[in-house]
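Shown below, as structure tokens, is a lone chain in the form predicted alone; questions about how it binds or moves come after it.
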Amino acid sequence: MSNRPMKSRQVNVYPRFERFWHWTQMALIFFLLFTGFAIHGLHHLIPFKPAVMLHTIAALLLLTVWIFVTFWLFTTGTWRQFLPRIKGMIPVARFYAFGVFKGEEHPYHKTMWRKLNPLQAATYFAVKWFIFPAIWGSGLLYLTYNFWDGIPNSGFWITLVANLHLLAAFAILSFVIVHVYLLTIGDGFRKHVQPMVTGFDDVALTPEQEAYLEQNEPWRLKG
């Protein structure tokens, strides 16, 4: 590895499929929250029965997307991006808690093989491996209640499943709120969102990585 300084370049780090599933997932999650709130009576913009039907359809679509995403993550090795690590987490957490309000520079610089900072990786890891499975499992149990309502204490279990589903939904809502908030700080909303639209983002490259991309994958470099 070269000891020469790393150079920041515009690199295509978000392929089309990743951008597709990100925006598709976002749209479906917002729609599920909207219909879910209608089901629980938090608004009356849509009647109960249509809300249940649309919520179920959207949930099955999102589950299908997640199945394809999981396959893609493991076949491409992208799942490694979401492995949490302790190193560097405290400076990043301190930046979001205090530094950003003092105009400090972000302590983490995106690299070719590590798009997520340590705090992002830990958060996405928790969401993808704990919260998403909780809402998948509880939702499917909820949907198939007619097949197991004959078991002892089924009323207790369906109440437990419903509360777990609701708790996971609020956890996802909290994640969405924090995620959107973080997009507004630092370099600004447009600067943060643009890479997930165009695919290109500022990445710190070693001279070897830059030379490799210029020789073998020039389409990934911009400018």
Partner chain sequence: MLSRMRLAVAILGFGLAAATPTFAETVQTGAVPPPPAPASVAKASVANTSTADHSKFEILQKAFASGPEVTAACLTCHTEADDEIMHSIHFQWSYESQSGQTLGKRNVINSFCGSVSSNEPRCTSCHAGYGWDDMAEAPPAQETAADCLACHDRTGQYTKTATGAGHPPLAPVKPGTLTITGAAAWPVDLAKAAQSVGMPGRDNCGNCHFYGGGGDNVKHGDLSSALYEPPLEVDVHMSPDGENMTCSTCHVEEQHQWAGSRYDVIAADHPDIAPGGPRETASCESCHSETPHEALSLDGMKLNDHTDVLACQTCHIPEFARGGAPTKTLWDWSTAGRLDETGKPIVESDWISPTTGEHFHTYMSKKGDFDWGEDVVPYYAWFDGHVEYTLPGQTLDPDQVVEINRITGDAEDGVSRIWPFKRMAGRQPFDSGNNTLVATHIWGPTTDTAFWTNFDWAKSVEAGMAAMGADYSGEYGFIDTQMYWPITHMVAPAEDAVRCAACHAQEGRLVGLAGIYMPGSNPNSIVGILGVLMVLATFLGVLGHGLLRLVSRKKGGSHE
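Residue numbers count along the first chain shown, from 1. These numbers come from a predicted model, not from an experiment.
A second form of this protein, the form predicted together with its partner chain, is not displayed here; the remarks below concern that form.
Among heavy atoms of residue 102, some come within 4.5 Å of its partner chain in the predicted complex. Though the partner is left out of this view, residue 170 does reach within 4.5 Å of its partner chain in the predicted complex, counting heavy atoms only.
In the predicted complex, its partner chain sits within 4.5 Å of a heavy atom belonging to residue 146.
Interface residue remark: residue 49 is counted as part of the site for its partner chain in the predicted complex, having a heavy atom within 4.5 Å.
The partner is absent here, but in the predicted complex a heavy atom of 163, alone among 163, 70, 64, 194, sits within 4.5 Å of its partner chain.
Along 167-186, residues 167, 170, 171, 173, 174, 177, 178, 181, 184, 185, 186 each place a heavy atom within 4.5 Å of its partner chain in the predicted complex.
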